[in-house]
Ligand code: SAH
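As a starting point, one isolated chain is supplied in structure tokens, in the form predicted alone.
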Amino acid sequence: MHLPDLNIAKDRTSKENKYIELNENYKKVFNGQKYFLRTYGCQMNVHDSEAIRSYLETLGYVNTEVIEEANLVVLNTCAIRENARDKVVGFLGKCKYLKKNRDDFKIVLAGCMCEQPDFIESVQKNHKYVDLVIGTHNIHELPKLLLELNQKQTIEVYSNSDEVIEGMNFKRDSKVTAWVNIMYGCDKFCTYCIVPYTRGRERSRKLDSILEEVRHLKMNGYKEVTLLGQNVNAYGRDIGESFANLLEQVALTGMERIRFVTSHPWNFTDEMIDIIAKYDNIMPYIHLPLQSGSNEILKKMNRRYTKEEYLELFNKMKERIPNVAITTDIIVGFPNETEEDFLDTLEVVEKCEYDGAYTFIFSPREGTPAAKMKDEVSMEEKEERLQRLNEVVNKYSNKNNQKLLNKVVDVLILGESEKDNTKVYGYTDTMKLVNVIGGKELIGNIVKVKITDAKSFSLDGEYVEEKVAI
């Protein structure tokens, strides 16, 4: 049994890339049994779930969306905010009820929450019916651990990883777009953030392995890849590479659309900006977290930049990348945030006129420095600030979307609309959601769409059939 330790999670003692292959003896062992998988959290968790699906289906499991039919339930958890934890614990109650009268019903917990010692203590004390707990560093051990399950609860959570796993397989959610991990972990240690503890220190994949994965996706008909990491623009610092070079090499593969998330302003270089501007297949969309517009709060957050430095970077992007759209993350109610601090944040939002923003009330995470900070700001005041912030954010989201009204734009169509079977949906190059009047035959293609209506969070449009010259 391995239990998590946040102190060990801070360290990385060596650098090693490890290639893995699934043991042939594992294949089809659970042939015909069904699994139910639920994912919480960020894009990294979504991509991890694609690996989990691949392992389970190689073992012979068949996916079901009906939990009552399942022999195995896997919850891939998130540790960023308390409400994510509440959702997992609430859902575990349902799992416990289903397991009560079934010997063939197994429960697995995976993901970031499992890297937190207090959560593991709770699982051992209050959720003894959970069969297996694994962390973020050893997903590749899932087949082995499932085969070794017995009546005793198994906890295998490694607090840090010196390995970078290459050669993983994924059962991807889409046949059009794909996530491609380029690195793992983060070294920034923002005072509010649990990621360096749950995901470990920064570890980069090899450039050749990434390019091989992108070329394989292109060969199999994928139109878009998103390069994925907790801080993508720190890629390569541990292996003598740079994200700017990786971005250019991926562009040269000819993949039609390339995106990346998430960036930290502190590592965003002029060279990166120039590469984005140079290649048409690198989409003009950047997610650039602000978190706060107050220099005092930014310092307490350990964000390593000032409001002025952030605005300088933002303006460079706007000036040098044609048609760029920029979105952000903002936290309100950080411990002892004053009204003046909050107004500084609103001032930055007014200056930047973001295309969109993910906004949150500060949620203390046990084990982080910010969780120990004394906080005199009431929840009522925090909620009121969040509402004021969202009003400004939505105003500019709508304003930027209105600019596209009656224009014809390129949209990559991803699937059928869930609410209207006469429509499909997709995204512009600037990552704006468009609901399009059109048939299923458009799925997987980049098509011309005339925008007919613009709202704060989405666009409506109609397919414009391209005329072929005779």
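From a predicted model like this one, the values you see are computed outputs, not experimental measurements. For every residue, the number given is its place in the sequence shown, counted from 1.
There is also a form predicted together with this ligand; it is not shown, and the following applies to it.
Segments offered: 142-150, 353-361, 393-401, 246-254. Contacting this ligand in the predicted complex at heavy atom distances within 4.5 Å is 353-361. For the candidate spot formed by Ser204, Ser242 and Phe260, no residue has a non-hydrogen atom within 4.5 angstroms of this ligand in the predicted complex.
Of the residues Asp329, Glu383, Asp274, Asp173, just one reaches this ligand in the predicted complex with a heavy atom at 4.5 Å or closer; this is Asp329. Only one of the listed residues (Asn233, Gln291, Ser294, Asn181) places a non-hydrogen atom within 4.5 angstroms of this ligand in the predicted complex, and that residue is Gln291. Mapping the unseen interface onto this chain, Lys307 falls outside it, with no heavy atom inside 4.5 Å of this ligand in the predicted complex. Although the partner is absent here, Arg303 lies within 4.5 Å of this ligand in the predicted complex, judged by heavy atoms. Remark: Ala325 does not count among the residues lining this ligand in the predicted complex, judged by a heavy atom distance of 4.5 Å or less. Within this chain, Phe105 is remote from the site of this ligand in the predicted complex, having no heavy atom within 4.5 Å.
Residues from 53-87 that approach this ligand in the predicted complex with a non-hydrogen atom closer than or equal to 4.5 Å are Ile80, Arg81, in the order they occur in the chain.
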